[in-house]
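What follows is a single chain, given as structure tokens, in the form predicted alone.
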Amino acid sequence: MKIYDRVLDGLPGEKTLLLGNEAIARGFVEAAGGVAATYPGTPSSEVGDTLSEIAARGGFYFEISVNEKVALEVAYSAAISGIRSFAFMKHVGLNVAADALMSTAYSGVRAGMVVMTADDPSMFSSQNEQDNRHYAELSHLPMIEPSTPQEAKDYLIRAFEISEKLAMPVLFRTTTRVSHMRAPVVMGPKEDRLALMGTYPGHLAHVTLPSYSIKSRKALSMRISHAEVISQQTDLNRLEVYGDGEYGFITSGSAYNSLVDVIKSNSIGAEVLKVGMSNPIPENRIASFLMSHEYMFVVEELDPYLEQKVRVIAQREGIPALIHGKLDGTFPEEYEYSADVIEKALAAPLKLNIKPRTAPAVLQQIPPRPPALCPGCPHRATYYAVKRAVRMSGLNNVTYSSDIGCYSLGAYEPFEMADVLLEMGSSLGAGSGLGKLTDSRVVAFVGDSTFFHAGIPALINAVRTGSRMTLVVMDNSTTAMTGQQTNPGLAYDGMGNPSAQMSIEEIIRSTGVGSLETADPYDLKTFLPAVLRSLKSEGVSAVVARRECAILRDREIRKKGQMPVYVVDTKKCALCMNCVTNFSCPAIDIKGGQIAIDPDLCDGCGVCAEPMVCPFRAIVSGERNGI
């Protein structure tokens, strides 16, 4: 049985090894969720991958929306129509959805609505490590934080229940470690799902005009008061005792796991108040907890969110507890908390005898490995051709504006073609400004999914303001970096059903772009001239570099038989090093003083055999030439 089948069909009491994100998908199933919507983003992507596989058989609707704002609005429309709904995204995705989120707190919902934000401490796959607990305060919405896959499943169900008690959305915060942790999960019973098609009776509270929102604000205050009562009483906030319980700890999320490891391994007498509902926090329970401990430690990742609230409670209630956290320098403010980080922080105040740890010698000898585009990735050919075209055009003042996706790896050697990158769609937004306000010729790179997500308004702006910009749309027919999910440029939706397919070219033409060409980056003799012509155009020009993701291509080739392989004819090779130094495919290396292609890595794309990469025609098909 596949893991997707176990998520859907697992019986109550069965124990299954699940990722945190897979457990969240199971929680949605057990809660009888009716609508789930997302825009894929690590570390939340596996939730959507799982729901996509089981939606049709599970009897619910799943959607990969054009961006996070739309995903939240779709989920909201379900919730006000009486259908339990779930919108989920990575932490920076909530920035995109924040405008809608703030208004949902005022308007309220009829059925349960949960909004998941997956934060990324240490920035494993993100441009920042913002702490989205602040969104709970900003929006006045309750927030739930699980620490394990089991809690991820169970707490999601509770979040739906709390949402319906309060008639408002509930934020559900995970982090990379919780989402990507794998652990045994005990399945629970599945609630009976109501009819998928809802009924929307209409309500003035859902029309956020000032005259209506004024009244909704008072209703929001009442819901907040009710949420405070729930936080005081819920077992999502629980007390754990270890040994004599001498020291007090307040913690939440993933940091709880590492803290308990440290407490157990060092035999620390501790009482731990685990905060699973972090907004509103259980103020009375925290005050009581503070009064019972002279020494208090607040252990949390990222911002001193809990610590600030704990200190306010202590000051307001006149409690003289000595509180240690980030604000007094006991714990670091940045990056995720491993057991080693917490143990090191507690060593001095608790006088722990910690033996210094060193990495094994073999790990110390491993050289750094920067991320690289896959063998056969069409983006490599695109960057290679664009860099060559810029050089051939004689342009000396070029600014490269990059974006979020696999192609952001073009920032690294040997291409180094990223001078600015902020967020989804920023290649066109920043490129629009740079092409208008500086003397640079801007080359802006954007992927197909990102183009639909946030690039179109910025492209309109660039054309309207007369910016000098060449747009390169790197269309690999998928949302590749997060796991090959669909996007509006494809003819099927998030559930695999046929859907309307959007044409990137038609959208670009509709904005008024004068020069537009489409070419295959694998075919350098055609693609390079297209880029050259685009660079010579005035105003905004565009090239659509269309070639499917190498992972998708290779998957289809393997189904049909043997993967083609290219080799180096050493008799022809002049060791010019262009294929290694400038094209830089991971399959090409130097062995014994000769250029060699690793047959286990080569996927037979053949771009390296083109004369523009190998002018001596020393790279040839191994099968065809028998080399």
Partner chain sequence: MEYNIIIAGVGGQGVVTLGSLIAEATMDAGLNVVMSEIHGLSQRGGSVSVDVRIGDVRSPITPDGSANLIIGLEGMEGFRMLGKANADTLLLVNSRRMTPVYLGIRGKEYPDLKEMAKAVGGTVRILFIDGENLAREAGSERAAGTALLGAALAMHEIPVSENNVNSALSRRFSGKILALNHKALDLGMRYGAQLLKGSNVPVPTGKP
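Numbering follows the first chain given and starts at 1. Keep in mind that what you see is a predicted model, and the values were worked out from it rather than measured.
We do not show the form predicted together with the partner chain, though everything after this point is about it.
S.K.: Could you spot which one of Ala56, Val565, Val70, Leu601 gets a heavy atom to within 4.5 Å of the partner chain in the predicted bound form?
M.R.: Checking each option against the partner chain in the predicted bound form, the one that comes within 4.5 Å is Leu601.
S.K.: Could you work out which of Asn461, Ser125, Thr234, Thr330 is the residue within 4.5 angstroms of the partner chain in the predicted bound form, going by heavy atoms?
M.R.: It is Ser125.
S.K.: Just one of 302-310, 243-251, 496-504, 117-125 has heavy atoms within 4.5 Å of the partner chain in the predicted bound form; which?
M.R.: The contacting stretch here is 117-125.
S.K.: Identify whether the partner chain in the predicted bound form is within 4.5 Å of every residue in the set Asp131, Arg133 and Pro201, based on non-hydrogen atoms.
M.R.: So, no: the whole triplet misses the partner chain.
S.K.: Using 4.5 Å between non-hydrogen atoms, is Pro414 touching the partner chain in the predicted bound form?
M.R.: Yes, Pro414 is a contact residue.
S.K.: May I ask you to state whether Arg182 is within 4.5 Å of the partner chain in the predicted bound form, using heavy atom distances?
M.R.: Answer yes; at least one heavy atom of Arg182 falls within 4.5 Å of the partner chain in the predicted bound form.
S.K.: Check Gly318 for me: does it contact the partner chain in the predicted bound form (non-hydrogen atoms, 4.5 angstroms)?
M.R.: Because no heavy atom of Gly318 falls inside 4.5 Å of the partner chain in the predicted bound form, the answer is no.
S.K.: At the 4.5 Å heavy atom threshold, is Ala480 in contact with the partner chain in the predicted bound form?
M.R.: Contact check for Ala480: yes, within 4.5 Å of the partner chain in the predicted bound form.
S.K.: Looking at the partner chain in the predicted bound form, which residues in 325-347 have at least one heavy atom within 4.5 Å of it?
M.R.: Residues within 4.5 Å: Glu336, Ser338, Ala339, Asp340.
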